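One chain comes next, on its own, written as structure tokens: the form predicted on its own.
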Amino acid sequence: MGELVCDGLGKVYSGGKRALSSVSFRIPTSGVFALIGRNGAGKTTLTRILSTLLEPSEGGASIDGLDVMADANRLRERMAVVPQEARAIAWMSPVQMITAYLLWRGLDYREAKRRALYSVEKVGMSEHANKLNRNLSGGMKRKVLVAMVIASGADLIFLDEPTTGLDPISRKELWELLIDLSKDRFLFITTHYLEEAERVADRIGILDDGRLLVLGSMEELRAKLPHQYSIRVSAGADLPSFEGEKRLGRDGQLQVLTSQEEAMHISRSLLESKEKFSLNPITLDDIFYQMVGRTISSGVEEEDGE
């Protein structure tokens, strides 16, 4: 199994703006890796470097033993990249757009058309194959981009904020496509939807202010924190003394973050007092809050740029 390796990766843009600081990690190039962080955390910068589109200022990175700068051309033959600003071309149909993309990648017309038709069918868009993209819904337009990735045959796929702006139903449909796609390819995605990362990814990295805070599976991320369980109860509930944290949520409920042992102690007390409550392992949202000290929505707009 190959690996994606970052070694002391840093990026400083003109004007002195630092986007990445000493980012180091290694992950297998299989399944889905999700990079999460507030807007402006450096997600797009890291994605552009790893997809050979941007030169780092410090350190280096390699994928399956190939350097992202020195071996960029060899890596690009294996890659498909959908940047955050990518859009379906309005005046083309899905089949036309995908066919044109594959011709640009060097395929002959017959093979390009065959792959285009197959990939459109794969994402469940056969009945829209020849409609103009401008007449498709936002979710359908995103599916066109995923179909393009499928048609490419690439085994290294980079998707920067692939579901931004989609409604909840379209977003979840796209999740299923990404999970299916990852069965025989490596997907590197960025997102600020924490539920998305938790649902789709095998491994998750949290980036904040250009620094990688933590990386691992959900189980590994939970194990790094002292408070691995969450109890939600009404704000007026009578709680016993416990070790942990509590905060008032936007829904008016009180959330208690604590250990498994303390969670059982609190639960017994709440059962005896007949309080309604829920008990669950902490979510990625809880992990992010404990790691970063603020919610993901409190960031500023993305400022990655050369």
Partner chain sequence: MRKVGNQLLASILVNAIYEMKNYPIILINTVISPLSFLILIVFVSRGELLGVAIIGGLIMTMFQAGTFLQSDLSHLKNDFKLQEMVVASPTRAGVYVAGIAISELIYSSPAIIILSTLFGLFVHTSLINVLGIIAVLLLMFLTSIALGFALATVTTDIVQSFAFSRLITTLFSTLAPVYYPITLLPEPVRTLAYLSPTTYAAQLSHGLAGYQQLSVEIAMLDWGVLLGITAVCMWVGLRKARWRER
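Note that this is a predicted model, so its numbers are computed, not measured. Residue numbers count along the first chain shown, from 1.
The following text describes the form predicted in complex with its partner chain, which does not appear among the structures shown.
Is there a heavy atom of R38 no more than 4.5 Å from a heavy atom of its partner chain in the predicted complex?
Close contact is absent here: in the predicted complex, R38 is far from its partner chain, nothing within 4.5 Å, heavy atoms only.
Quick check on T99: any heavy atom within 4.5 Å of its partner chain in the predicted complex?
So T99 counts as contacting its partner chain.
Quick one: does A223 come within 4.5 Å of its partner chain in the predicted complex, counting heavy atoms only?
Taking the distances in the predicted complex, the answer for A223 is no, it never comes within 4.5 Å of its partner chain.
Contact with its partner chain in the predicted complex for R134, defined as at least one heavy atom pair within 4.5 Å: yes or no?
Output for R134 is yes: heavy atoms within 4.5 Å of its partner chain.
Going by heavy atoms within 4.5 Å, which of 224 to 232, 117 to 125, 103 to 111, 196 to 204 lines up against its partner chain in the predicted complex?
Stretch 103 to 111 is the one.
Considering L212, I150, L178, M79, which brings a non-hydrogen atom within 4.5 Å of its partner chain in the predicted complex?
In short, M79.
Tell me, out of A129, M140, M218, A72, which residue has a non-hydrogen atom within 4.5 angstroms of its partner chain in the predicted complex.
Comparing distances to its partner chain in the predicted complex, the residue within 4.5 Å is A72.
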